[in-house]
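Below sits a lone chain in structure tokens, taken as the form predicted alone.
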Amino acid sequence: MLLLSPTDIHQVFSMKDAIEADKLAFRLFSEGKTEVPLRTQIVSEKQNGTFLFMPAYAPDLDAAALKIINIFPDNIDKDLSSAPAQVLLVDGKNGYVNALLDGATVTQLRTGAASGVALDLLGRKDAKSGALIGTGGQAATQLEAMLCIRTLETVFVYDQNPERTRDFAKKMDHELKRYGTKILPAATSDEAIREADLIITVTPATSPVFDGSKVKAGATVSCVGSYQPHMQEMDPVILERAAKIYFDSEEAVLSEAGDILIPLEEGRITKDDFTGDIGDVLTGKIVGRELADEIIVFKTVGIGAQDLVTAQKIYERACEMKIGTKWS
């Protein structure tokens, strides 16, 4: 078995690689070529946390995987990751575990890449400005994915904690300077989204984190953070204004995402407003953006196929480059 640390993974795998892996994962999922049971959740009210178990199997890749990821939002105040995790990669031919990968790194890459896929397929080609709401453990790769798929002039970052917003913007402006985009702190979410062509929200909020009426025509919104029925970071107004609404998996979203479940229950949207899964855009089954001024929303909760394909591709690259620690 190969042990792959965060350093090992970053040494062999880029955000561009992760976006391509997610495209394959979404395509296989939409074509019915993966087995991805709905993830098991165990909520810890005591610690304001959630334990998540995500299995997946892809016969075409001769691989299976199990990700254990634990969402603890309060960790950000303890200088700890809010989503500690591990991924077990299993050889589909013999059932042996091939690798144990740092799951936080895999999650950050594949979750960021999901927004990258959606914004690449659905975002305006001439996008020049972006907005990122949230500065937690998933934020850095969300930001990089946005920069990876479009040449942006500016991205405004907003978090409820002003100091954290400034620190994150400064850090990212330095770490991602190779993209040539200016990363700036915003004083309010309205300021962040006002001119944004591409918007990503990645927070554990239980009430909307932006004003949907302030989003400009032609914007594409990727909503990442809501993963339980009571959570809601997306203003329902943006769903009412949206020309198209896409998901990583409609079934998964409707099983847990308050961003969609709450507006459905309130009658502000119906299932007739849904366009379909992003994998069906990749296969050509449904269309993507058709008009420049369409507002488009993508909601993702994450599916096991992403972890499986990403882990498999990282493992293959690590073997080629002889990176990692063997545990026999």
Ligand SMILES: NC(=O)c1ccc[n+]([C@@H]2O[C@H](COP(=O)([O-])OP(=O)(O)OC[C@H]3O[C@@H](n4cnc5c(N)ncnc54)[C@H](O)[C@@H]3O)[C@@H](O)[C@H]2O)c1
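Note that this is a predicted model, so its numbers are computed, not measured. The first residue of the sequence shown is number 1, and the count goes up from there.
Keep in mind that the form predicted together with this ligand is missing from the display, and what follows is about it.
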May I ask you to check whether Y227 falls inside a 4.5 Å heavy atom distance of this ligand in the model of the complex?
-> yes
Although this ligand is absent from this view, report whether I278 comes within 4.5 Å of it in the model of the complex, heavy atoms only.
-> no
Please check if G134 has a heavy atom lying within 4.5 Å of any heavy atom of this ligand in the model of the complex.
-> yes
is_contact(K182, this ligand) in the model of the complex, heavy atom dist at most 4.5 Å = no
Of these, 298 to 306, 270 to 278, 41 to 49, 28 to 36, which stretch puts a heavy atom within 4.5 angstroms of this ligand in the model of the complex?
-> 298 to 306
Which of A252, M231, A242, L88 has a heavy atom within 4.5 Å of this ligand in the model of the complex?
-> M231
From T105, T203, T141, N98: within 4.5 Å of this ligand in the model of the complex by heavy atoms is T203
For the stretch 88 to 126, return the residues whose heavy atoms include at least one within 4.5 Å of this ligand in the model of the complex, in the order they occur.
-> T107, R110, T111
